[in-house]
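Let's start with one chain on its own, the form predicted on its own, as C-alpha cells.
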C-alpha cells in the first residue's frame, strides 16, 4: 500500500501534538511537511512546538516545518494558553531529568525559510491529486494559499479540516468552534473555494474521548519518550478539564481529523452547504449548514462533505494501539 502524502497545517496545541504523533505512527500516511499558523499560540511558538514534537518522535526522514500567518486575515489574534498552557504543550519547562536538566530542551530543528502558504501550494502543485492537506488550526494559511495560487491549490487531492459545530454547541462561544472562530474570514474563503473539503466538526470530535485513566493505565506503562511526552503534556489539561467539567477526559479533536484520512470508514459523511458568519457579534465564527428539508433544487449545492457520525470506540482504540505499538 502506498501511503497517502499529507501536509499538516497546525497550531500546536496539545491535541495537535497528539494528532502529529498519530500521523507518524500510521503507515497509511507520509507526512511531507508541517506548516504552522497562529491560533492556540503565536505562530512562532507553534513552529517551536512542532519542532519540539519532531524531536520527541524523531521520524526519519524529518519533514520541513514552515512558519505561516502571524494573525488572522481581518481580526486580532485570540490564543488559548489558558487551555493549553503558556507554551501550548502543558508547560513542559517544569519537567526535569534526574540531573536537573530540562526533559524537553530547545528543539534541534529550525523552520525553513519558505513561508507556509507558499510551501503548501508548491507541494500540491508538484504532486497533482496526491497531497491531502490536513488542517487542525485556523485556516489562515490555507486561505492565503487559495488567494495567491488558486490554480495550484486546485490540484489538491482533499482538504480535511477540523473545525465548526453543526448541530452541537461551540467550544469558544455558545455556537462557534475555536478554529473557525479565530479566523472566520479565512474559513469563508476555504469553504467557498470549490476545493474538495471534508469537515470534521465538534459533532464528531466531542464523541472521541481520551480519559486520564486510559493514559495512566495504557500509555504511561509503555515508558518511551513519546508516551512520556503524552503523559506530561496532557497532565495539566486533564486537571483543567476536571475542575470545570468534573471529569478528567479530553476530546481528541485534531487526532480524529488525522484518523479520517487514515481510515475513511471511521465516519459517516454528508454533503452539505455550509457558510461561516463573519460579522462582528455573538454569532461570529458560527458554521451554518443548510439542513432544510426541502427539494434539492431549491437549495444551494453542497460545498463540503461533513462528518456527522463517528465510530468513537474504534477510533480511540486505533489511537491508543498506534501510539503504544509504535513506541513500545
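Numbering follows the first chain given and starts at 1. Since we're looking at a predicted model, the values are computed, not measured.
This next part talks about the form predicted in complex with a small molecule, which is not shown.
**Q** Please determine, with the chain shown alone, which of 191-199, 237-245, 113-121, 173-181 has non-hydrogen atoms within 4.5 Å of the small molecule in the predicted bound form.
**A** Heavy-atom contact with the partner occurs in 173-181.
**Q** May I ask you to state whether residue 156 is within 4.5 Å of the small molecule in the predicted bound form, using heavy atom distances?
**A** The answer is no: residue 156 has no heavy atom within 4.5 Å of the small molecule.
**Q** Hey, in the predicted bound form, is residue 36 touching the small molecule, heavy atoms inside 4.5 Å?
**A** Output for residue 36 is no: heavy atoms all beyond 4.5 Å of the small molecule.
**Q** Even though the small molecule is not shown here, does residue 134 get within 4.5 Å of it in the predicted bound form, heavy atoms only?
**A** Output for residue 134 is no: heavy atoms all beyond 4.5 Å of the small molecule.
**Q** Would residue 40 count as a contact of the small molecule in the predicted bound form, using a 4.5 angstroms cut-off between non-hydrogen atoms?
**A** The answer is yes: residue 40 has a heavy atom within 4.5 Å of the small molecule.
**Q** Which residue, 139, 258, 145, 162, has a heavy atom that falls within 4.5 Å of the small molecule in the predicted bound form?
**A** If I apply the 4.5 Å criterion carefully, the residue I get is 162.
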